[in-house]
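Heads up, the chain below is alone and in the form predicted on its own; it's given as structure tokens.
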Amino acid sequence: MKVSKTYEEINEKISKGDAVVVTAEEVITLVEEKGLEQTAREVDVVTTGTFGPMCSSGVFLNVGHSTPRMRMSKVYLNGVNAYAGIAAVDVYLGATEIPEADPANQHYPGEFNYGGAHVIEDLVAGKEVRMEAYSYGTDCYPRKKLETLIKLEDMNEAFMFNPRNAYQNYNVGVNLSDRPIYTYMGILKPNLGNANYSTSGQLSPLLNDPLYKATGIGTRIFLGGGTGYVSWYGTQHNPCANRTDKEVPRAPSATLSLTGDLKGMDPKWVRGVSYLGYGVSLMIGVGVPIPILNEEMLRSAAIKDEEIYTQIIDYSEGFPFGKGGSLGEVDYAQLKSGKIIIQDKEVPTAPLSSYPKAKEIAKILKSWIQKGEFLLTEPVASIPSVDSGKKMKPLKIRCIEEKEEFDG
């Protein structure tokens, strides 16, 4: 008889403290020892984790009304611009925003020492942040200027809303040029001097759920050390990438839009980072639980690094100018070995994401579930999958004819 479970059955076991929960790393050994069917009968939940830079992130903040009231049209938090074109005292602070005074890459390569991601980290850490707000003034909101110190606990609401997180697989970045280049994949040394990657492989959430059977709109997750949810599929969601015979994409594919209460997060899992010559990003911890409803879901959740492939991309010309395509394919076991072969040359590898931190996230989520503190939510809607036909579209650049105007 085939294994068949429901969310309700698994949640009942979680509530009673009877659920069997293992990490995506631990389940590999169990399947090898006991086989797929027996493990699927015994295991109820597999936990995943990733901790890496996720640029498309930010926070919505309601800072509260001053006296007299103010309709804030420009807001700066520690000198970083927060978008205020929403409502009177609602703002959105993007992780990659930098202060207007930052020289950026005028003195190449720029240092980008502080930006939106660092403000978010400071807020989560309970630090005071300097807020400057400006307005044109209205009859109902007469105040035109405000300078104050504000903390996360002072705000009415503060929630993280990230348009694109938890990329399902990603490129390996290399540099074929004869000079160092500074990218969101880190510093890439000339003449294939190094190769950087940024996925936790066999622990990564969407690589353990390649067809999104367990991950959909409404899925409850670990986000930034607190509880969050999948709110939508993410921007640049591309489920139609080429796949292996185990349905795992061989290139960047699905993404998730995530949200969660900023006040419940931990600065250990929300960290601002600076990339020399590129900009600012936010390191975020994400963990997704996978209910083992059947053998098929377990088969996916027991994926191994050597079964996950990705593409080697040149970031000197291939990526920025759309030239050349892939330089080759490599699996994550090879990447994690510390070296790979590209064009007959041995190239050292390094991760931008942290595998030890990913393991820690998976274990924390496992402990929450084992203690009955974290129940699973069945998605209220699925995200576009392989058969949806959804593909990422490039920008269509249309020429705009400029017409000269003459007097008389």
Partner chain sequence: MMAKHKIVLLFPAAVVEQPFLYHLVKDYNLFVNIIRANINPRKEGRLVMELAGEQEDYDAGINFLESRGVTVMPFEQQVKWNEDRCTQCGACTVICPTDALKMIRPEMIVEFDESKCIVCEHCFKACPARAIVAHY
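Numbering follows the first chain given and starts at 1. Since the structure is predicted, the reported quantities are computational estimates derived from the model, not experimental observations.
What comes next is about the form predicted together with the partner chain, which does not appear here.
- With the partner chain omitted here, the record of contacts in the predicted complex names 272 to 280 of 232 to 240, 141 to 149, 272 to 280, 212 to 220, defined by a heavy atom within 4.5 Å.
- The partner chain in the predicted complex comes within 4.5 Å of a heavy atom belonging to residue 196.
- For residue 97, no non-hydrogen atom is located within 4.5 Å of the partner chain in the predicted complex, even though that partner is not displayed.
- Contact check for residue 187: a heavy atom falls within 4.5 Å of the partner chain in the predicted complex.
- Although the partner is absent here, residue 335 sits close enough that one of its heavy atoms falls within 4.5 Å of the partner chain in the predicted complex.
- Checked against the partner chain in the predicted complex, the candidates 106, 113, 191, 156 yield a single residue with a heavy atom inside 4.5 Å, and that residue is 113.
- The listed set 331, 102, 314, 121 contains one residue whose heavy atoms approach the partner chain in the predicted complex to within 4.5 Å, identified as 121.
- Along 326 to 359, these residues reach a heavy atom to within 4.5 Å of the partner chain in the predicted complex: 335, 336, 337, 338, 348, 349, 350, 351, 352, 353, 354, 355, 356, 357.
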